[in-house]
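Coming up is one lone chain in structure tokens, specifically the form predicted alone.
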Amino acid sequence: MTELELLIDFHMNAQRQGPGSTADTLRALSFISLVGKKTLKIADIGCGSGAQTIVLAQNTKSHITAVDLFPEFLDRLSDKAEGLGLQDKITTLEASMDDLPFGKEEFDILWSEGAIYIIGFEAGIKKWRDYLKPGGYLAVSEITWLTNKRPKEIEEHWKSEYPEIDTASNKIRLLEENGYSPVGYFFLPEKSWIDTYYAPMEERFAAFLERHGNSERARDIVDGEKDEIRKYKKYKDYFSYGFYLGKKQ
């Protein structure tokens, strides 16, 4: 298997493919004044296996288009939606987030938890704005510095992994410069990293290695995830995901 295939296999059966929680999704949703007023059209971009998609479907009067590049994740979401009787509220779409087949001003809400980094924060908020109705909302979580200064190891790590990492004030400035009125911001607490993402991940390590014959590629993936967990636990006071809510002007 290729490294990408192994990564998909490792994350496919996870509840979440990144930090977050039901409480975080609901908190972000609380900033959106459209909720409860009409049937909403929502796009969940980079949905993965759809933990947040399910929460949105359960807590809004809406129809959700759940978008991901990998059909394996979309199949998992479809199975979960059907099991919960939500299949009529969620349509899955296999597509790249930088080439979405959406119409101009089609959606009331664009949602993306922990995925906009794939296209880049600034590129994403610019490109996706066209798909929002006037007065529609953007809700995205994005890796964010919590302090203006941080230790060299974590600074160099994130500047290498994702050069667009920045402070919340600079991310909010980008929203304002690109046609959004900021309506809310918060950062994900430690339990949204440990309890719902890293702890379940650690429980999958042994089975994943056994499933792939303890191959070098599989070990490299596990070692990489272990190093990521180490860095988070050591430097959690300096970075997290920030959740940003903006209204299209």
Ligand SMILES: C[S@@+](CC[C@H](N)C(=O)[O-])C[C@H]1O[C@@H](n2cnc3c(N)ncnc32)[C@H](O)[C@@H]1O
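We number the residues from 1 along the sequence you see. Bear in mind the structure is a predicted one, so any value in this text is a computation, not a measurement.
Here the subject shifts to the form predicted together with the ligand, a form of this protein not shown in this document.
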Non-hydrogen atom within 4.5 angstroms of the ligand in the predicted complex for each of 139, 174 and 185: no
Would residue 97 count as a contact of the ligand in the predicted complex, using a 4.5 angstroms cut-off between non-hydrogen atoms? yes
Going by a heavy atom distance of 4.5 Å, is residue 47 a contact of the ligand in the predicted complex? yes
Is residue 114 a contact residue for the ligand in the predicted complex, using a 4.5 Å heavy atom cut-off? yes
Partner contact for residue 118 in the predicted complex: the ligand, 4.5 angstroms, heavy atom: yes
Would you mind picking the one in 69, 199, 207, 26 that has a heavy atom within 4.5 Å of the ligand in the predicted complex? 69
I need the one stretch from 102-110, 70-78, 158-166, 144-152 whose residues put non-hydrogen atoms within 4.5 angstroms of the ligand in the predicted complex. 70-78
Heavy atom within 4.5 Å of the ligand in the predicted complex: which residues of 1-21 meet that condition, in order? 16, 17, 18
